[in-house]
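Only one chain is given next, in structure tokens, and it is the form predicted alone.
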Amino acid sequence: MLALRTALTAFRRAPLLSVLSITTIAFSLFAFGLFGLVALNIRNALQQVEERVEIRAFVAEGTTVERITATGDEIAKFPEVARVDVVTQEQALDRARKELGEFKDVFESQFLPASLDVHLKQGFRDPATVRTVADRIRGYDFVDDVRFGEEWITQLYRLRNIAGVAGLTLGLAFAAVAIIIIGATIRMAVLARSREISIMRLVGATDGFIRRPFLIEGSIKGVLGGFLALVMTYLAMRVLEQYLHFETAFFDRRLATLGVIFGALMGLMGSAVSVGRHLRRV
């Protein structure tokens, strides 16, 4: 309780410095939050594209609907498969006319073959798994051809891997820069109270006793900076939505809470490093 009262007293003694520290933390986390928001929306966009990954097996002409349906039920039991849609020749014709309306007069009855549209479960849409399932489907004697856009799927996963590595690298870089800035800001607060620390040392105060108020102060500043950064990120997202006219996803409650906790940890780490350096010199 004494350490908490001391930390709160420090806020009242130097309000301008406290506001500066909180603002610095907020802007550091704001930059980190903007990048995180971009990474989140890229991931969501890639997931939406990934949901369209499917295998289309074209059936030989003359195959009965009963046999196609029975085979579809069998394929649906594969551990990688979410569902199988049976598309008859009539349905294929209707779909082609809807998707390619300007060429609808070109398509004639019996022009397109029946097919089995195989949709895969999440986590089983990588190129290797899709290729394996496609090869199993080719094993049915009445299947004429199997298409799944192998090159497109490979490029999609390559893009996802590149985005993941780039996101992790830039995220760590932003975090490191934010910790350095926060540490420098909190060090100003430590230096402003250097005389107080020296007096406490002279009267026999331990390093732990001296550190606690600064650690609590840094954590409080980190939490406040985290909340402020969260609000700024949300407002920035709304402004972008208004001017760019597209809908974006925001952090869910779990990610928002983790962001505030991350701010508290950064404030704590910055305080610990700054106070530790100063105590070694006193």
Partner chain sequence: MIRFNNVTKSYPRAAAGQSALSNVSFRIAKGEFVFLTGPSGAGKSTILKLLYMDERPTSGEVRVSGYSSLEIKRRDVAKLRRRLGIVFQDFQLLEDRTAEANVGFALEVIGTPAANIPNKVARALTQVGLASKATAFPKELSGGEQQRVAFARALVNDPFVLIADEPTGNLDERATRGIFQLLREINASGTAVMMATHDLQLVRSTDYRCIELNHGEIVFDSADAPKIEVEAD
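All of these numbers come straight from a predicted model, not from anything done at the bench. Residue numbers count along the first chain shown, from 1.
The discussion below concerns the form predicted together with its partner chain, not included here.
Of the heavy atoms in F142, none are within 4.5 Å of its partner chain in the predicted complex.
In the predicted complex, at least one heavy atom of R5 sits within 4.5 Å of its partner chain. In the predicted complex, T206 approaches its partner chain with a heavy atom inside 4.5 Å.
Mapping the unseen interface onto this chain, R195 counts among the residues with a heavy atom inside 4.5 Å of its partner chain in the predicted complex. Of the candidates V86, M200, V133, V146, M200 is the one whose heavy atoms come within 4.5 Å of its partner chain in the predicted complex; the others do not. Exactly one of the stretches 115 to 123, 86 to 94, 207 to 215, 134 to 142 approaches its partner chain in the predicted complex with heavy atoms within 4.5 Å, and it is 207 to 215.
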